[in-house]
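A lone chain, given as structure tokens: the form predicted alone.
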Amino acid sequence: MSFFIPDHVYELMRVLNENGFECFIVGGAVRNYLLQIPVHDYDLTTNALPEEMLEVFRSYHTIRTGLQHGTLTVMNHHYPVEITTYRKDTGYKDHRHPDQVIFTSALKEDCMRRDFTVNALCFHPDTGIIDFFGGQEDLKNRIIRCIGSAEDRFNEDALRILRAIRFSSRLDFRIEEKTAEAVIKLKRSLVYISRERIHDEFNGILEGKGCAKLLDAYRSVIEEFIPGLKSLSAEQWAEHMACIDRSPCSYTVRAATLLRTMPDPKGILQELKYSGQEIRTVTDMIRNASLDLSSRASVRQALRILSVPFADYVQFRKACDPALDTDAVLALYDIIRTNNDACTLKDLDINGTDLKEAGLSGKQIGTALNFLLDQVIEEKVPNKKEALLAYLSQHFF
């Protein structure tokens, strides 16, 4: 298996090398390559100082947003590539950001400041993989392990606590013993982390195939930012984990599954800075957790109510009720789609203007349209304008 490096990345490495500087691919790209997972992002690290990078890439379009921290983004063939000077950090008073960044000429010193062994792997076509801390062995053994002292790494940046759980969930790895102990011991330092960053990491945890077992093992950590989960009994928690284990790797479906018995799921999501769309998706599934799906008409009524994609809703229902015959439900859904059955007001072959011309006004129009949709769904009248007006004159006025 050869490490494929896209042309737009390799060209920048070559330019730095030709100007006398080291340059390596570092972090997630190397990790994913070794795990045979698709690589989408390539981060580069170099001994070139920021001002030296600016000179080397003077003919390229560059973005200097992170330059004070040693990161230059170089645009090449319309792709952004982040290149960061080797650096070492000098303390983290706020448990998140380094007090001072000091540039270094040593690749190992740069790797020492990183979080986990599997994220400190480097690659260059001429040298192959450089592994200072046993990251390849940890990949082989499917382990997430901090570089050096786990407590030091988490005290430097408390977000790493959730990153450890996220990587373990996404990769289905176990967390090494001392790292796991530090995760629990320092969980309260998550108070220093913004809700937005917790939101992102939590979604990553929920998307992992190892999600249920990680939530179970680190329940007390999750309760640091979702304290309402403390109200669940051991039996309720076990049932929630079983539901999550049955669900697809969708963070919205799993969030709905986890929060469905909470008194205020919307408030929890708002506190974690979920977007309006995310909140609507999760709460819509929770609010409609018991819709009848046993007939074509009932599925049409469900589609009338739901704002969430129906496939996601069915996955949520199946996770909560393994006895649900999803094949039968989806077969009904396919029939509805094939027939273009009316399920919402916009599907009716009649609108408010038609009813206004028929003599209705104000709230009567909305009431009449909903009445007609019910009748169409129950197949008491065809979805044709003339038939709908005739039916309305007989049964509504």
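Bear in mind that the values here come from a model prediction, so they are computed numbers and not experimental data. Residue indices: 1-based, along the sequence shown.
Omitted from view is the form predicted in complex with adenosine-5'-triphosphate (ATP), to which the following refers.
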Checking a candidate spot here: are 31, 40 and 160 all in contact with adenosine-5'-triphosphate (ATP) in the predicted complex (at least one heavy atom each within 4.5 Å)?
yes
Heavy atoms within 4.5 Å of adenosine-5'-triphosphate (ATP) in the predicted complex: which stretch in 163 to 171, 68 to 76, 228 to 236, 294 to 302 meets that?
163 to 171
At the 4.5 Å heavy atom threshold, is residue 115 in contact with adenosine-5'-triphosphate (ATP) in the predicted complex?
yes
Although adenosine-5'-triphosphate (ATP) is absent from this view, report whether residue 85 comes within 4.5 Å of it in the predicted complex, heavy atoms only.
no
Do residue 252 and adenosine-5'-triphosphate (ATP) come within 4.5 Å of each other in the predicted complex, heavy atoms counted?
no
According to a 4.5 angstroms non-hydrogen atom cut-off, is residue 119 in contact with adenosine-5'-triphosphate (ATP) in the predicted complex?
yes
